[in-house]
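What follows is a single chain, given as C-alpha cells, in the form predicted on its own.
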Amino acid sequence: MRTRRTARNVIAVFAAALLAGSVAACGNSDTGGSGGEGGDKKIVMGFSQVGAESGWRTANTTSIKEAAAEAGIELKFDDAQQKQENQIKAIRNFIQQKVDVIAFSPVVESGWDTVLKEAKDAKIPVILTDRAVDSADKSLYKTFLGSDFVKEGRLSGEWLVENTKDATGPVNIVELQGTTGSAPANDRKKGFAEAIAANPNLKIVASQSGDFTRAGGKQVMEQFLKANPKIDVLFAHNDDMGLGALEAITAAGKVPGKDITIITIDAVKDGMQALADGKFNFIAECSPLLGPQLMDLAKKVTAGEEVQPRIETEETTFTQEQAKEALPNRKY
C-alpha cells in the first residue's frame, strides 16, 4: 500500500510541475501591450482619428489601416467623430490597455497636456500625425508627422497675388475655414493672409468655419452669397468645403471657376476633377498617405531609437492643366 501511495505522490508532483511550466509559458506568450518578453512581440498601436469628415480623412484612414497590416502592427483604431473629449477618452483607454505606441491626429491644437503626460508617465511614446498640438512641453510626444499648413496657405495666397497683379480695383475674397481651433484651420488662414498682404487690393470680406465638410461648405457659401453681392474669390481650407460651395455658387446662377475664382487645399480626387473641369482654379496639395511613414516611426520609437521631432510630407500644387495630367494616376 505504501508503495502505491508513494507512486501516486510522485505522479502528482510531476503533473503539478508540468502544469506550472505550462502556465509560465502562457504568461510569456503575451503579444499585446508592452509587457511581453518575446523578441518577436507584435507592436500594438492605439490610433485615434479625427473622424470621417472629408474625402481626405477617409483616404488617410485607409492608408493607416493598410500600412499597419503590411507592417505587421496590431492597430486599435478609434474614430473621435470630431470631438476632443472622444479623443482624450480613447487615449486613456489605450493607456489602460498598455499599447506600445499611441498615434493620433488632434481635433484641435490646445488642451492635450494632461492626457499626454499620462501617456508619458506610462512610458508609452506618442506620435502626432497630420495635425500638431500647441503644448510648450515638447517631451510629451516623440515626433509630429504631417504637412506644413502655413506653407499650404501661403502657396494659395501667392498664386492669387500673381494672378490678380493686374487688377485695378478691389478683389473681394470669402474664406471657408476648417474646424475652429484646429491646426490646419489656424495655419492655412495665417499663411494665406500673410501672402495676400503683398497686394492691398486683395481683401477678405467674410470668413467663417465650414468644419471641413461638404455640407458645411455649401451652407456657409450660401450665407456668403446672400450677404456679399460681389464675391471675386473663394479660398476654402479643403476640397470638400470647396465642392460644397460649388453647389451654392451654381444655385445662385454664377459660374464657378469663372465668375468666382476658387482656391482649395488637399488635392483629393473629387477636388482634382473639379480643377481639371475648370470649376476650381488652383489647389495646394496636402497628402493623406501618411500610413507607411507612421508605421516606420512606430517601429523606431518603440525600439528606443531617436527620431526627428518634425517630419514633413512632400507635396506640390496644381493648376487646371496639371490636374488633367495627374488625374489618371491619382491614388486618392
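Keep in mind it's a predicted model, so treat the numbers as computed, not measured. Note that residue numbering begins at 1 and tracks the sequence as displayed.
Quick note: we don't show the form predicted together with a small molecule, though the next part is all about it.
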For this session: Spot the stretch among 194-202, 108-116, 89-97, 128-136 with residues whose non-hydrogen atoms come within 4.5 Å of the small molecule in the predicted complex.
Result: 128-136
Problem set entry | Check all three, S54, R57 and C286, heavy atom within 4.5 Å of the small molecule in the predicted complex | yes
For this session: May I ask you to check whether P184 falls inside a 4.5 Å heavy atom distance of the small molecule in the predicted complex?
Result: yes
Exercise. With a 4.5 Å heavy atom cut-off, would you call F212 a contact of the small molecule in the predicted complex?
Worked result: yes
Exercise. According to a 4.5 angstroms non-hydrogen atom cut-off, is F149 in contact with the small molecule in the predicted complex?
Worked result: yes
